[in-house]
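Provided below as structure tokens are two forms of one protein chain, presented individually as structure 1 and structure 2.
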Structure 1
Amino acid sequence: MVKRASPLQIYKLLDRSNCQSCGRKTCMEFVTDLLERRVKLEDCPENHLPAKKRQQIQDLIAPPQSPLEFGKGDRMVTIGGEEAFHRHDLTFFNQTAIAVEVYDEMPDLMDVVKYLDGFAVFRIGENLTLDAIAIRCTSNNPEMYAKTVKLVADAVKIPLILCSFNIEILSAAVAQIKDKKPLLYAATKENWKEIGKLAGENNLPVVCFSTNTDELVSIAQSLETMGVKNIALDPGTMIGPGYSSATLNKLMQIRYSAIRDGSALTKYPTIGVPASIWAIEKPKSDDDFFAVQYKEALAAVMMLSVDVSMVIIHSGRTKEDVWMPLALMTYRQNIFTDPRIYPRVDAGFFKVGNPNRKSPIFMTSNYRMTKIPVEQDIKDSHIDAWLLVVDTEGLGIEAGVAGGQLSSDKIAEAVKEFKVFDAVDHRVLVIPGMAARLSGAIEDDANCYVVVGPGDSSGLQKYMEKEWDLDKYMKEYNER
């Protein structure tokens, strides 16, 4: 992996005045956040950082894989820009973008693009969305394509990818929506000069395409000499026995060369197109259709696994094949969780639904992927309840109990701090099954009656229907 700049290297280039103009208390805090991409170099004002030193810092923090931005506004997409080949080496900063392809002759095109634009699923505290729509030109008619692209651009906010090897077609579309900053797909050995001129004049990013890696790199270098700086590489996607591994190897070799060796020849984001299987295998029956869809899904998952910068898929245009983008977005969310930190939420005492003074109190940890699913399971079970979230330093229940981050005294402290039993007319606390061994100690430390709930929060509805008996619990508590 290319050696990362140290905070001290950058700190020495600052005036170290701690002026706080950047929104940070000290220059060292600014440097730390700069390396973690929580602030930008532009946040340091010009009067505190001369141009020469600014450029020196820019050169130090530039990632070995260049970033590429397309689209505008809140939904602008950034791909590439990575510093680590493996997530555990550092972290991945820009998640793999997922784009769905459509075409200009599609009968229900406007309904489809509006569906894709609004597609969102809330999972584990995040709103998961698609990142782009790739519009292919199948009409081979510049006027029709340009008109279609304009209609789509006016109807949606999601970034667009303009797909054609024909410069006339791309030029017509760019004339209509260049202010939306679409991504041009693609420059080839036949059209790179024209594409380069079009991209340069309109300050647009470009994807280079070739199944020959040397030729692909040559096209990218040629575009860069023309002044095109925002470039991505598509080495071609072939799916099937022998082909899938070759495709994956090419994508990995490009990333490896950039991130490990720091090669300027391969420093660009990579693009994979699992959708290409539909051009090769044309299904004739439902069984064929699902077989092709399955192969496309496998290819997309493989590409996500090796941090390909963007994938373009065919499936996912309708509610009938919604499983495809859902599976990819869920898998992507898991991959791009920063491995260097435990994702945590705030500890506290929360209402779920409309609890009253006889409602149950459930306890959980402040590990994000524990607290949020527990809360969601309570909501989905239509249980009005209170939720006590204990600070376990971001660990889940089982790990917290094993490591001591979740203990009876910590739970007792949380009960006292958040005045838990002031909100109800009972002293009953429901703890997760994985914390069962703490039950006796919790009763002593927190002066309460502990009920061991299900091992998984998905069982809460069944538990409440068959086992919850507040009068019984309070009777036993009072008889102790």
Structure 2
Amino acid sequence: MVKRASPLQIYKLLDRSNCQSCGRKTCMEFVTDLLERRVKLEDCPENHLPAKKRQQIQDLIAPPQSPLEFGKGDRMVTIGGEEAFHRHDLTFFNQTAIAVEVYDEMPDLMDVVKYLDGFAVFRIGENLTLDAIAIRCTSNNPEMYAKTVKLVADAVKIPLILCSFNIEILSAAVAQIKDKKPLLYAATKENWKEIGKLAGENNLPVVCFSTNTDELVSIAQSLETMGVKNIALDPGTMIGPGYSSATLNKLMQIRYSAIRDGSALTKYPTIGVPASIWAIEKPKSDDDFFAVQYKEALAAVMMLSVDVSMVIIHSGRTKEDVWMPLALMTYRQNIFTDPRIYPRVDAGFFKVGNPNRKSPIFMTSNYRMTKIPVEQDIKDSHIDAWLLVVDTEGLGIEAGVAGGQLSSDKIAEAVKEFKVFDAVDHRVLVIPGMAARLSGAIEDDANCYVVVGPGDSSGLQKYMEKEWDLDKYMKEYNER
């Protein structure tokens, strides 16, 4: 991996006045945040950081893969800019953008783009959205394309990608919406001069496309020499026996060369187009159609796995197809979690809503991915409850029970440590269904009445409505 700049190298170039204009307490804090990309270099003002030193720092922190921005406003997206070869080497910074493609002659185009613009899935404390819409030109009519693109640009906030190999078509659209900073797709060996000029004159980013890697870097070098600043590489997405491996290998060659070896020839963000499978496979039946959707989805999964900077997909334009972007966005949420942050949350005894002395006590583990959804489910079900989070060394319930990190002793310990039953007028503990086998032992070790709750916290609401009966539980407890 290319060596990272050391904090000290950067610190030496600052004026070390700790003036706090950047919103940080000290210059050193600024350096730490700068390396973590939580602050921009511009946040240290000119009078504290003259141009020459600024440039030196800029060069030091520049990642081996250059970042590329497109779109405007809140939803502007940054792709590329990675410096870790493997996720575990550091962390991946800019998550793979997911773009869905449409075309200018599409009958329900405006409805679709509005749907994509507003598409969101809420998962584990995060709102997952799409990043861009790629508009292809199938009308082959510059005027119509430009008009359509303008309509879309006025209707949505999500960044746009303009797709055509024809310079007249792209120019017409650029004239309409260049202030929205769209990404141009694509410059090829045939059209690179014209597309390069269009991109350069309008300061727009552009994707180079070629299935031949020598040709691909040649196009990029030609554009760069010409003065085009923001470039991405699409080595072509071919899927199927004998093709999938070629696709992966080209993407990985670019990755090794740019990020492991630091070559300037390949320093650009990469683009994958799983959507292109639909140009090759023409499904005839519903089953065929579904099979192609799966192939497309898994091509995208492959690309997310190797930190491709952006994927353009075809499926996902309708509510019916939601399962596909759902899986991709969920996977992306996983991969782009910072691996330096441990999955543990604090063990303890928490209020969810406004519990009183008769409210139920639910138990869960201190694995982040368990505790947060459980808490959310309790909230969503409008249950006022107490939540006992047991230290399972950051493992989920099932894994903890299997491995012994979640045992009756541990639970008894937690009950004692957090004085759990002092907060209520009962001695009932609701444990997750997956810990059912521990229930007898917990009753003995923690001197309480154990109720086995649902296997998944999404069932809590139903459980509270249909089964929860505090008086009955306490009666049984007292009779023992």
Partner chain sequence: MSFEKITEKLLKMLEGSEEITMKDFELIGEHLEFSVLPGIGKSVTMGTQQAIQQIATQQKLKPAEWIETKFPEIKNEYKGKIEEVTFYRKKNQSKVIIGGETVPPYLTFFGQKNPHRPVVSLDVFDYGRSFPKPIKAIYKDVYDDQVAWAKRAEKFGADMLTFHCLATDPLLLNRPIKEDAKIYEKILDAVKIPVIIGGSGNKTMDPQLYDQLGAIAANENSRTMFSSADKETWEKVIPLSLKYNQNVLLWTQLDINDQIKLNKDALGAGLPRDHTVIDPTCATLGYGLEYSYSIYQRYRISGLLGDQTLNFPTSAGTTNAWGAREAWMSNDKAPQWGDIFKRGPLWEVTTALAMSLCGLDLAMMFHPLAAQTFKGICMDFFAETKKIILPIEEWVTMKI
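All of these numbers come straight from a predicted model, not from anything done at the bench. Numbering runs along the sequence of structure 1, starting at 1. Rigid core: the largest C-alpha set superposing within 1.5 Å between the two forms.
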*Which structure would you label as the form predicted alone, 1 or 2?*
1
*After fitting the core, D380 CA displacement of 2 Å or more between structures 1 and 2*: yes
*If we fit on the core, is the Cα of Q58 displaced 2 Å or more between structures 1 and 2?*
no
_Given a superposition on the rigid core, I'd like a yes or no on whether H426 shifts its C-alpha by 2 Å or more between structures 1 and 2._
yes
*Could the core-superposed CA displacement of L460 between structures 1 and 2 be given in angstrom, to one decimal?*
3.1
*How many angstrom apart are the two C-alpha positions of A435 between structures 1 and 2, if you fit on the rigid core?*
9.0
